[in-house]
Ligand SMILES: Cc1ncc(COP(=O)(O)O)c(C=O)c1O
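A lone chain, given as structure tokens: the form predicted alone.
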């Protein structure tokens, strides 16, 4: 067993998938968002589970992610949210991967490659309905559509957009985005294009905006057991998928007045039992948790004392006299009835659970539990 490791509970992933899918109408299905190594959870293993669950599509950020999934035998449609780079366009089309399109020069390049190889490129038009980030601006959608639909070798398979504040209690801005999105769909229909798919809903949209499910939805964070925010009107029964564990490498008694760790930022006030745990910021355990974080040992919480260093933390276990060297330490996840959540860690670090998962997910030792038999 390694000194520290990450566990991915694929049974919990399946449960969360059906929490999303169970909220959809009969005409809507799921795009499983597995970009950024499935938010740190392991893209290939997660993707295969989502396929088994019945996902219709997968979504990634970059083509190399899609190529890796194809290499590992994932055959369902894959959407690349950032589109194709020039040098990968032909390979991507031959791999039957779909790009999001938001620039006309990209669309022309895809058209030329499709004509060259005698294939039809299925594309999804991305429109900016109010996120202000990526997508064709509303004012230029009509002219963009006219040129896009005239390009040879292209077929408009989908139109997508992205909510900016669907995770907030006030849904008025999200509703305006839905209205703009519906305007775009009317523009497509007015041009005689029969559109198979429209999609705008992320996890928050799935939970709180049922009128915006259209034909596809894109759950991301809820698949991994974390709610999009605490302001949701319709919460879901989500189960944590990722756990981060280690063990006590050394346990020692430290006298009063002794500094612990770099910078001497913690000094013992009494005789203390200090456990050294072999995890640090190299493992994705943020330095911002210095003198703030907590871990689970023997189903009890224990505070991180001193600075988080590159490969080690120190924990005060004075109140856990039964603690021993080699005991399991849970930094994220459950131990018995006790639990440390990604949201809790994120609050201490001034960030969101997404970043916590991605950071810890880079860990080199990862174990997948409860996989569906192949």
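Residue numbers count along the first chain shown, from 1. None of these values were measured; they are calculated from a predicted model.
Separately, the form predicted together with this ligand exists; it is not shown, and the next lines address it.
Put simply, residue 35 is close to this ligand in the predicted bound form: some heavy atom of it is within 4.5 Å. Residue contact check for residue 129: none of its heavy atoms lie within 4.5 Å of this ligand in the predicted bound form. Though the partner is left out of this view, residue 162 does reach within 4.5 Å of this ligand in the predicted bound form, counting heavy atoms only.
In the predicted bound form, this ligand sits beyond 4.5 Å of every heavy atom of residue 293. Comment: 200-208 is the region of 272-280, 249-257, 200-208, 187-195 lying near this ligand in the predicted bound form, near meaning a non-hydrogen atom within 4.5 Å. Contact with this ligand in the predicted bound form, defined as a heavy atom within 4.5 Å, holds for exactly one of 81, 110, 123, 148, namely 81. Among 103, 117, 133, 176, the residue placing a heavy atom within 4.5 Å of this ligand in the predicted bound form is 133. Contacts with this ligand in the predicted bound form, taken as any heavy atom within 4.5 Å, map within 212-237 to 218, 219, 220, 221.
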